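As structure tokens, one chain now follows by itself in the form predicted on its own.
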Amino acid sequence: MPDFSSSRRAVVGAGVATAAAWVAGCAVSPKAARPRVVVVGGGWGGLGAARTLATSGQVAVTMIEPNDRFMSCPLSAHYVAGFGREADYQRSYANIDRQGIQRVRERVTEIDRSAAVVVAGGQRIGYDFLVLSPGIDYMEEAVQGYAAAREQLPVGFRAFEQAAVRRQVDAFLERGGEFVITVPKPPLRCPPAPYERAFLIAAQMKRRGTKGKVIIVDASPNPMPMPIAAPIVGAMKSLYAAQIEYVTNTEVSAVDIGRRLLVTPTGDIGFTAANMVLPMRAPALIRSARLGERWAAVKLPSFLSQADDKIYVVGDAQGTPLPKSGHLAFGCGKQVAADIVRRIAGQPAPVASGPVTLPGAICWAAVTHDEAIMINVTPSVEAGQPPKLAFQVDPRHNKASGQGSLQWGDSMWNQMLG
């Protein structure tokens, strides 16, 4: 059996690597007219790119992000289920400002591929290179009736939306009933997250004596991707057999908010409260700029847009089979920043003689407030071939991974914002 404890130490240790090594050897003396790089999005991918670019000293960096603080989606299930405070998962952008990154608190409404982005209010911000890390949008039209019920059925898979789901959870834990969590077919942001929320809500039910159950309505036959299925289902059975009902191969087609029913091909499902995790896609910004349809079309291993060689797309908006995880987004942001620095310096692109290892994806599925399942994905790609994903997954939830997840979170937030 693989030594998962040593692997856990290795991946946590990797997360603690210092930011100073991001672009080693790339720094040069500042120039009066440095190339302009605009980074859209102040989340995991955007911060990986912006801080690496600023450290290089070779470019003028502008980060466009409408929120005035960072909110982590990874690990925030603890807050959603009532085990923590919202502030525990937030950080200031003060160190971004101190690093000389110009921060624009606006929403990008348009990409003019002649070399500018347009923000709300009409301001144009020019660029020589553009890094897009805009996150995801919800496909509300996939579930008939959802748009009218949006306020009562928050998704909470984007920063600062978790508070609305927390209110739903608090009310459910007070009165009991049926709390339904829907899981769409992949791809989606952080695939273990819907199950993680179910686990932590069920843990609170046991702790507080709440009567009722959590019903997971999964469009797939089992938790996806496949390597996480056995430990996720094992946790359901061993810890929460009385609290969680798992319904598979069931896709929600409509919601009747008045009668509090979800409509599925096999029958209606009633709910007291529901966390509907909708199908996802890249934001409309990607489609309106003709950078892709559902997801942005990019080249690997560079993450360059297939439509524009001045635009990179990282994070969950990119349309490859790579996991949509914060850790991978951060690593990809660092990688594209280094590639921009290389191009500015006029250095040739490296020529691969075999498979190229891509940034890794470490994530953690909390099963209780103290125990988790470590999921470590190592992607690689070879010219002309689709990427390959090598998974290393804890066979069972454990306290070491629970503690490792917290250490990892602190390490990553420090690298991004410390």
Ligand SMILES: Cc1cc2nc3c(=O)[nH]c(=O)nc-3n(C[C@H](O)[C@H](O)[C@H](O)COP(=O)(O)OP(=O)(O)OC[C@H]3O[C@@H](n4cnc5c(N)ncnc54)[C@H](O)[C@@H]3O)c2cc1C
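Residue numbers here begin at 1 and follow the sequence given. If you're wondering where the values come from, they're calculated on a predicted model, not measured in any experiment.
Note that the form predicted in complex with this ligand isn't included here; everything after this is about it.
Exactly one of the stretches 71 to 79, 248 to 256, 212 to 220, 233 to 241 approaches this ligand in the predicted bound form with heavy atoms within 4.5 Å, and it is 71 to 79.
Under a 4.5 angstroms non-hydrogen atom cutoff, this ligand in the predicted bound form has Glu106 among its neighbouring residues. Remark: Lys334 does not count among the residues lining this ligand in the predicted bound form, judged by a heavy atom distance of 4.5 Å or less. Of the heavy atoms in Phe157, some are within 4.5 Å of this ligand in the predicted bound form.
The closest heavy atom approach of Ser325 to this ligand in the predicted bound form falls within 4.5 Å. Within 4.5 Å of this ligand in the predicted bound form, a heavy atom is found for not a single one of Leu200, Met374 and Gly402. Interface residue among Ala193, Met205, Ile344, Ile96, judged by heavy atoms within 4.5 Å of this ligand in the predicted bound form: Ala193. Interface residue among Arg166, Arg260, Arg189, Arg281 relative to this ligand in the predicted bound form, by the heavy atom within 4.5 Å criterion: Arg189. Along 344 to 380, these residues reach a heavy atom to within 4.5 Å of this ligand in the predicted bound form: Ile362, Cys363, Trp364.
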